[in-house]
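Here you'll find one protein chain in two forms, each presented separately as structure tokens under the names structure 1 and structure 2.
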Structure 1
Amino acid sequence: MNSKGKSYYLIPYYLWIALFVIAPVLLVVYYSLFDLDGKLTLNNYVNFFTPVYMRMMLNSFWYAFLITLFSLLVAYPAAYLLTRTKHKQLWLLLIILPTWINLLLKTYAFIGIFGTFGPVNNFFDLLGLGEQQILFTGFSFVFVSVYIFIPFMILPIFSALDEMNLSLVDAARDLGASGWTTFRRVVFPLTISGVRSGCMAVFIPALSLFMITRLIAGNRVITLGTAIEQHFLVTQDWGMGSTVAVFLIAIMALFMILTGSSRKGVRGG
């Protein structure tokens, strides 16, 4: 971190990193070295490489990937269309607004909506599809997670699209590019930074989702977040919980490095 010269103004941020990031991380690493009896050991790390945790990790990744993918697929067109509306700033605020209502309440509402006698199943009945089990499936889990994360994806993409110089699109069209080519060669590359920050804002927290796994997926989906929750709050095995957290942080760092290094290639626009 080569902060050059007179950069006093950077101090609050570095102070935050030192106090609220590095200190807790050190604390977590420290805890991960102790077993249940308070003995110094590396056993927790050995434990992590057992099939149970490996499966949990794969699960977490798979679902985080699905959630990010679907969020992107839904959010991109939505953000694009929002930039075309008349009162776009107002509409954007209205996209964020639902996130200010308590999550537990919204989740309870989803349990009602997706339930056997809920409106969705009533609708299915009307269509003659009959009752479907929607709750406690991978589908409902991904759906509700996407619901939670969608504003986090729309917002950065919207900003990027909104900043985009429309004359570039017009120019491309004038030069005879088809709609699809324009999108692929001009629009998307120009908004890639927004997409990237959206994906970051979704994928990273999606790795450690926990409450939804129980409420919506009925513990049919078990992620690393669930395991940490369990260790900290039920078993009170802070050592193992911290170990899982250490891996989670390491994986995130790896993810950052991988996506960070590909930056150069894409930044053509």
Structure 2
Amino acid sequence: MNSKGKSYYLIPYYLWIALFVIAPVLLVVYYSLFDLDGKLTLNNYVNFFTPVYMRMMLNSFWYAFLITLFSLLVAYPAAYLLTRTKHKQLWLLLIILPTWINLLLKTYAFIGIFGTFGPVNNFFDLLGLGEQQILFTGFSFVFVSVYIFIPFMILPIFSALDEMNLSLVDAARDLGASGWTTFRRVVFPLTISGVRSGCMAVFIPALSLFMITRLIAGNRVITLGTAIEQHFLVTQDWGMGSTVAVFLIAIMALFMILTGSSRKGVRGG
């Protein structure tokens, strides 16, 4: 088949990108140029650099970093154990299954679990610790977010570990390397591509969380995603909400570019 014939098969792909990626981004940029009264202005972009929005941006980065870090700390050992167990495909399926459940249902389930009369507080009562305020805290927000995102961190790391040449690990041990040295100098470098993919799959959506922040953390955690929700649904200031969304899209695109370029550098090296 010639190249002209192949290009016809790409038409649906290009149409999909144009209609569901480029067009929505351009529409968001368009709305960001109008104020609350519908007048053309650039004040929305000026207002974004005020301390309020800068604090929201720092909060977004900080919590996205924590969610990604804790997801990685849990997912890497879990993925490593999965590659060493029998029926690993079955265990992998059990890890994927929670992602098929609606996000809102899982969030409400944790409201019951962490609530005043939930099983966690009942357990604290048995220990004599009394009722604890778990909901509407930064801890509960990070915990629930990590639970939701862990499968997306495990999958690429598992894939990288499963494809790794185990003879290299055996060679390192035969040469006298300790378990930690083998992991640090052999295993982790060989699976760094899976770690990067997992971090990107968690960090990018964690930047724009708003439903979990509202239901689990209440008003204790305010991020850019929360600001967008407030502007579109409460204050009806679509211009400012779109402006926040434009910067959030730009940050995500920059993160993807940096991650992609570093991955190419590793391949090239």
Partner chain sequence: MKNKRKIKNKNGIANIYLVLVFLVLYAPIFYLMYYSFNSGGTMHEFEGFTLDYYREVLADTRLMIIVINTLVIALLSSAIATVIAVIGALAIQHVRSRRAKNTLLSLNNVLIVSPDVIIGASFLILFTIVGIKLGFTSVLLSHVAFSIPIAVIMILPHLQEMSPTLTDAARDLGATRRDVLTKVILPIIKPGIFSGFFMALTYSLDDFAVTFFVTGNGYSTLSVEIYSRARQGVSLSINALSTLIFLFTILLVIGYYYLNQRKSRQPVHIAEPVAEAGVPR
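Residues are numbered by position in structure 1's sequence, first residue being 1. Only the largest set of C-alpha atoms that superpose within 1.5 Å between the two forms is called the rigid core. Keep in mind the model is a prediction, meaning the values are calculated, not measured.
Undergrad: Which depiction, structure 1 or structure 2, is to be taken as the form predicted on its own?
TA: Here the form predicted on its own corresponds to structure 2.
Undergrad: Using the rigid core as the frame, report the C-alpha movement of residue 12 between the two structures, one decimal, in Å.
TA: The shift comes out to 4.4 Å.
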